[in-house]
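Just the one chain here, the form predicted alone, laid out as structure tokens.
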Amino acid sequence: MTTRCPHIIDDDAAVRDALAWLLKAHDIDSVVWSSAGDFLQQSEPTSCGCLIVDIRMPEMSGIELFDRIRRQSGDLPVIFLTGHGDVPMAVQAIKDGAFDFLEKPVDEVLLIDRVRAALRLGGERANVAAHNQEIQSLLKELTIREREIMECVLNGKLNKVIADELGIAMRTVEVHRSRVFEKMGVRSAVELSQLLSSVN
């Protein structure tokens, strides 16, 4: 299945097909779903580029889906398609973190513009999430002692001070410090600090 692309979720087949055709005409591949339940059962939200969701759907509404997605993967950009009477709900969804809402009938130029913007944002957020996950994986490789020494290094403490505080030989501090740098893929305390400060 195509990933990092718009996923269209609407119970109206004609609307789904029209939206997919419009996106395809602008070189944007998409995946269509007839219900929120099908999307949740058969897709992995974290693999999507963005969602285009009808607010009013049977069984599970677009708002209910948005709430579920927000709890699971809050960074996924969601564009709501709304009827006039749904605007207050859509405005509240924007306050809750939705990317945008577009009133039906949808302006085609505006839709394409917002979808492309949502895909860009989704890609940026996915890169950040992957970066954070990679650093967390590296941190898990550190021993308890290495974590202790890393914290001291990040606080700017010299090896001798660290050795005195932890009651170990300075040579032991140097060895652990070297292992921390190696495992984290850095060459200095400055690089280590920059790496960890980049985690969101």
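Numbering starts at 1 and follows the sequence shown. Rigid core: the largest C-alpha set superposing within 1.5 Å between the two forms. Since this is a predicted model, take the numbers as computed values, not measurements.
There is another form of this protein, the form predicted together with another copy of the chain, and it is not shown here; the text below is about that form.
- Only one of 148-156, 33-41, 48-56, 127-135 lies within 4.5 Å of another copy of the chain in the predicted bound form by heavy atoms, and it is 148-156.
- In the predicted bound form, no residue of the candidate spot (His7, Ile112 and Thr143) has a heavy atom lying within 4.5 Å of another copy of the chain.
- Lys95 belongs to the set of residues with a heavy atom inside 4.5 Å of another copy of the chain in the predicted bound form.
- For Glu103, a non-hydrogen atom is located within 4.5 Å of another copy of the chain in the predicted bound form, even though that partner is not displayed.
- Contact check for Val190: a non-hydrogen atom falls within 4.5 Å of another copy of the chain in the predicted bound form.
- Interface membership of Gly85, defined by any non-hydrogen atom within 4.5 Å of another copy of the chain in the predicted bound form, is confirmed.
- Superposed on the core, the two forms differ at Ala90: its CA moves 2 Å or more between the shown form and the other one.
- Between the C-alpha atoms of Ser30 and Val87, a gap widened by no less than 3 Å is obtained in the predicted bound form, as opposed to the form on display.
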